[in-house]
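Before any questions on binding or motion, here is one chain by itself as structure tokens, the form predicted on its own.
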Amino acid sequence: MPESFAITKKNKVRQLNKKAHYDTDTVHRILDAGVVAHVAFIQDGAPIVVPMIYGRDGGTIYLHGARKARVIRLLEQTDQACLNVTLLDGIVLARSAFNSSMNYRSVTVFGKPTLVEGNEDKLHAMNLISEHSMPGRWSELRDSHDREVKMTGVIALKIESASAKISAGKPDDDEADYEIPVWAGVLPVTTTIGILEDDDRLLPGADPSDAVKALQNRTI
């Protein structure tokens, strides 16, 4: 796996390019922190964007959906897809609307989607996707039924090209605007995982495991 992705016409960050990162570690770190990916591709000459849950294994991203879902069928048929994961970290309130902005971590990935087939390969991908959002949960659950595996569609998207863009810090106002008596600063934004809520049909003594309890009160 390369330490950095080659900068090409496809992945080059043009707007505010000083915020661009092409190293593999940064790209993977943002992907691993996210929960939902928005996947874009072309259908009948028109763009389509679909939110999907995912998991990463090295340089491959696995996407999950129903086997008969339109998005799985379309991704199976296309030779190129684009995926984006964005984490919002703050609202930057400057002294002008023009200089107001957001703090964020974002990754855009390009690659060829392929359908994952065979129970063993699909179960491996399903495990990765489950562990991405629910670490430690897979081993606690019953084994997947064969029909469930058949009903599940998994797409493998090998990362052929990618770039990250990170914006952080205080407002960057025009020098003259610092004389304006208007408050400026940053309003932090965090995505927080809450507290577990019991299902109505829990059996007596069915308490959350340590792995499940560890999912609470986290920030993304």
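Just so you know, these numbers come straight off a predicted model, no measurement behind them. All residue numbers are counted from 1 along the displayed sequence.
Same protein, other form: the form predicted together with a further copy of the same chain, not shown, and the subject of what follows.
Hey, of 55-63, 181-189, 154-162, 25-33, which bit sits against a further copy of the same chain in the predicted complex at 4.5 Å between non-hydrogen atoms? Among the candidates, contact is made by 181-189.
Contact between residue 19 and a further copy of the same chain in the predicted complex at 4.5 Å, heavy atoms? Result no; residue 19 lies far from a further copy of the same chain in the predicted complex.
Please tell me whether any heavy atom belonging to residue 210 falls inside 4.5 Å of a heavy atom of a further copy of the same chain, as the geometry stands in the predicted complex. No.
Is residue 125 close to a further copy of the same chain in the predicted complex, meaning a heavy atom pair under 4.5 Å apart or at it? Contact with a further copy of the same chain, no.
Are any of the heavy atoms in residue 133 no more than 4.5 Å from a heavy atom of a further copy of the same chain in the predicted complex? Yes, residue 133 lies within 4.5 Å of a further copy of the same chain in the predicted complex.
From first to last in sequence, which residues of 200-217 have any non-hydrogen atom within 4.5 angstroms of a further copy of the same chain in the predicted complex? 200, 201, 202, 203, 206, 207, 208, 212, 215 sit within 4.5 Å of the partner.
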